[in-house]
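Consider the single chain below, provided in structure tokens and representing the form predicted on its own.
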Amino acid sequence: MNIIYTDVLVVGGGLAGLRAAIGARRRGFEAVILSLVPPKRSHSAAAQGGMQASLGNAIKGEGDNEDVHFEDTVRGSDWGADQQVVRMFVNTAPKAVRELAAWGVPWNRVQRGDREVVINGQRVTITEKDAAHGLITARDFGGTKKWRTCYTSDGTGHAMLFAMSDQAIANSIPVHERTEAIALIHDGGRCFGAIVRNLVSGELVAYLARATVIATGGFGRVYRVTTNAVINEGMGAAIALETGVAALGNMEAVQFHPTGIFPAGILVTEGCRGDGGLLLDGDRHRFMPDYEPEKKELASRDVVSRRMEQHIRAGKGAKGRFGEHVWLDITILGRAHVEKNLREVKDICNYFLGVDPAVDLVPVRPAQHYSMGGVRTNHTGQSQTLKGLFACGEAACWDMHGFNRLGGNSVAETVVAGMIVGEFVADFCASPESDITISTGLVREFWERENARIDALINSTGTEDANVIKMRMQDLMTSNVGIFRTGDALKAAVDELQELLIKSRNIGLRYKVKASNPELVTAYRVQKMLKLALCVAYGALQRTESRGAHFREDYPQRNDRDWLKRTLATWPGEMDTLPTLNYEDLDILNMELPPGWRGYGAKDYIDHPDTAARQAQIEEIKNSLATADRFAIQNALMRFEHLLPERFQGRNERLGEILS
């Protein structure tokens, strides 16, 4: 048994994992990153549209600040978010953007004077201030009051990931590529690292660490149609779940992006609509103003996706050889804009559809895009039930997004959470409680257990095909646990997913070697993926309300009275076929922004009994501080800055808000 020791083991080489490792390394701790692929090929590179941070430089972002960003994010979450975590995030995001600029990210910049933009389908001229010339600019994104999304054309994730990866190299952080963590090493209360498989040689190695960070991204590949990369199968969340100790939070909260190209499901950025693109039906009618007259195409993603599907259900979709869809029209933006600011969109449409979006309509339909659920952590990024286990980025339920995230808040979260969690990981490593006290005998038990599981798959005489099981799981999730959900469909999905999980214990392989064996990889991963799928489907079945991206047609109201709570899923028994669900109440009496109307559709929700009392408290506080500045008022409503690492505390400077 080969054992590798390090201070910090980071599982995942995307933006969140890289930034967490950099943070720990800069504090003097050794860090090792495990990655399925070379880091610069991580799924973070696919983020196109931009990163939200309230800089307020562009004229359409004037007046933006942390308060506005906070309110947008909480409303976007449909009041499912941890509001203290949201405050930590919005306060740190401007610092993150500026740090990335210093590391070489070529953010698009404000150019003084007049420029023509498309707003609400009309060409208008806006005038940028002389004082803002050369500062980082922003584009419009859904669910926001201000233009806040910083971008580098439509290759934002690519630019960020390359700069971040270069910083990891500069800090001498080793990345062990083509490696996969297949189980966490723990003693029931404390995590000490992972059993890791080399995907090339098949060798199993034990990595022991003071702190282990899960940063493996989302689990979109449990669905058939997803914008996620093929490596996004949720293995980080799955190995945390399989400890039986760590909990996953809000797994039923799954976001669908409105504009996946049809039928492939490949993402074209929200920047298309943010820059002025329109959604048209089969009759070339712009339909979103009919449903959402205020925000139109720039309503929150879950809202736009539902409206698109609703319109198609009503018989208004465009009919194509692969089925029905709607059209995305960015021809109004003009070729110069498309080729400068939407270059990846142009290439995707050309290569995968054979259309030129500068002159042709683009067929689109919602596709699974993002997982709000993940490893449940506290504000430091540490598991609430398994000490030494941290998580950040999409793999975590921190919980910044609640039941729906705003576009641009995800790629921002990867870096911001990486910054914040990296500091807390370093704090943990600096404390005596991080000492590695596990016996080598227990480490060997984990190694032998995983080795035996691999051998059992290779030597199995089972008759089930892993790929057939995987495809059926994906079909079930797409058809029964999608944008619109009902109790009957969810129950059918849960029942059949349990059957598939049992079948997966009888998988047989045609290719019986340990090294370089994709069939073996599919076999052991699909068993884990089915557990994640069951957490999603079973959680959705039990949650008898609609909140954010979770929409129950049989329970269409948001129900704060009974369901203002997080779902916590654990998997205590190895042979269990369902997760154990518990719930974590959200405390309205400590909220800065108590639940209210989100801003879309009818004002139709069931109030929590504490909402009115908290709203009265807030009004009283505001009245007593009528002459105070916004910082004093905010601090009186809900303290948060003491939760941040000291180096990220402090205010952000803007053109209209100069720090003394």
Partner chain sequence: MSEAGATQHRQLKISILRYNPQDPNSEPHMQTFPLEEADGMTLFIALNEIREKQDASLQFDFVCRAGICGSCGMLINGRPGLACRTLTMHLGEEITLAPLPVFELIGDLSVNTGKWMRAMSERLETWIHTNEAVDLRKMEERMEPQLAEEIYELDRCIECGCCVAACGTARMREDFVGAVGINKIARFKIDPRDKRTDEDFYELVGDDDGVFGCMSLLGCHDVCPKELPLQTQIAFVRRKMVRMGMK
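Every value quoted in this text rests on a predicted model; they were computed, and no experiment measured them. Numbering follows the first chain given and starts at 1.
Below, we refer to the form predicted in complex with the partner chain, which is not included among the displayed structures.
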Next on the checklist: At 4.5 Å between heavy atoms, only one of the stretches 499-507, 424-432, 538-546, 195-203 reaches the partner chain in the predicted bound form; which one is it?
Outcome noted: 195-203
Checklist entry - Among the candidate residues L476, V85, V105, I239, which is the single one with a non-hydrogen atom no more than 4.5 Å from the partner chain in the predicted bound form? => result V105
Item to check | Position in contact with the partner chain when the complex is considered in the predicted bound form, options K316, R115, R561, K95, heavy atoms within 4.5 Å | outcome: K95
Item to check | 4.5 Å heavy atom contact, N57 and the partner chain in the predicted bound form | outcome: yes
Next on the checklist: Quick check on R27: any heavy atom within 4.5 Å of the partner chain in the predicted bound form?
Outcome noted: no
Checklist entry - in the predicted bound form, does A46 have a heavy atom within 4.5 Å of the partner chain? => result yes
Checklist entry - Can any non-hydrogen atom of V37 be found within 4.5 angstroms of the partner chain in the predicted bound form? => result yes
Checklist entry - Looking at the partner chain in the predicted bound form, is some heavy atom of each of G323, Y555 and L625 within 4.5 Å of it? => result no
Item to check | Within 351-381, the residues that have a heavy atom no more than 4.5 Å from the partner chain in the predicted bound form | outcome: Y351, F352
